[in-house]
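In structure tokens, the next block holds one chain alone, the form predicted on its own.
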Amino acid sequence: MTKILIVDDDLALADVLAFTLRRSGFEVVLAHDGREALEQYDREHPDLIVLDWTLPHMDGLSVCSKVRAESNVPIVMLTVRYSDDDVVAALEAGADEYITKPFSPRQLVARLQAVLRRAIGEPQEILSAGALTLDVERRQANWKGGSPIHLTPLETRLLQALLQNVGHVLSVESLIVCVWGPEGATSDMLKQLIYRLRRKIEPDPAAPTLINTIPFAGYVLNLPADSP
């Protein structure tokens, strides 16, 4: 049975989440502060973590970063915070999905199932084009002769889609499906993810030359042989 760790200091909401997920066939483990979350993670080895941002003792972003440093377990941030800066910070810390409160229980279950499907079905492969290589399993990109560039799971899936279609424009909708699955995400979330990936692989993120925005069409990855 798939085990989900719910981390939220709102005890009533945590109980509602636990009831919803158990009714959908999941095993549920609860934690109500950041330190307890890490203890439960080490003890229970959950298949997925649903993580609030504002927690006693250690905030959810710090918990996310610590877990991501040692594991690829899917992490879903479930929070009242909704600004672009919050989404960027969560993606940078390694979150796989970002859901704001209030939420629909049915939609939450569907999105958690989508995250789990992506984690199970993620292909283990190495892709390359020009001087850029992506190790999907390790979540590392490399420019020929350079140091490894560590990516989050979402950044890995985005770069994977772009590398598999070098020189071809991918629509916003198709990229969202490639990265988040058929349940999707918003165009703003994709824009923020593009921004994060540019910061890691572009020679000058302020003037990107590799990941190009095509107005009213989407994005395209262009890789000259001697990039970057």
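We number the residues from 1 along the sequence you see. In this text the structure is predicted, and so the values were computed from the model without any measurement. By rigid core we mean the largest C-alpha set that fits within 1.5 Å across both forms.
Not on display, but discussed next: the form predicted in complex with a further copy of the same chain.
(request) Look up in the predicted bound form whether residue 45 has a non-hydrogen atom within 4.5 angstroms of a further copy of the same chain, and give yes or no. (result) Because a heavy atom of residue 45 falls inside 4.5 Å of a further copy of the same chain in the predicted bound form, the answer is yes.
(request) Verify the contact flag for residue 150: yes if a non-hydrogen atom of it lies within 4.5 Å of a non-hydrogen atom of a further copy of the same chain in the predicted bound form, no if not. (result) Answer yes; at least one heavy atom of residue 150 falls within 4.5 Å of a further copy of the same chain in the predicted bound form.
(request) Examine residue 96 and determine whether its closest non-hydrogen atom to a further copy of the same chain in the predicted bound form is within 4.5 angstroms. (result) Within the cut-off, so yes.
(request) Flag residue 80 as yes or no: does it have a non-hydrogen atom within 4.5 angstroms of any non-hydrogen atom of a further copy of the same chain in the predicted bound form? (result) Contact with a further copy of the same chain, no.
(request) Given a further copy of the same chain in the predicted bound form, answer whether the residues 27, 55 and 65 all have a heavy atom inside 4.5 Å of it. (result) So, no: the whole triplet misses a further copy of the same chain.
(request) Let me know which residues along 8-27 have a heavy atom within 4.5 Å of a further copy of the same chain in the predicted bound form, or say none if there are none. (result) Not one residue comes within 4.5 Å of the partner.
(message) Once you overlay the rigid core, does the Cα of residue 101 travel 2 Å or further between the shown form and the other one?
(response) No; that C-alpha moves by less than 2 Å between the shown form and the other one.
(message) Once the core is superposed between the shown form and the other one, does residue 139 show a C-alpha displacement of at least 2 Å?
(response) After core superposition, the C-alpha of residue 139 moves 2 Å or more between the shown form and the other one.
(message) Relative to the superposed rigid core, does residue 90 relocate between the shown form and the other one - that is, does its Cα move 2 Å or more?
(response) The answer is no; the displacement is under 2 Å.
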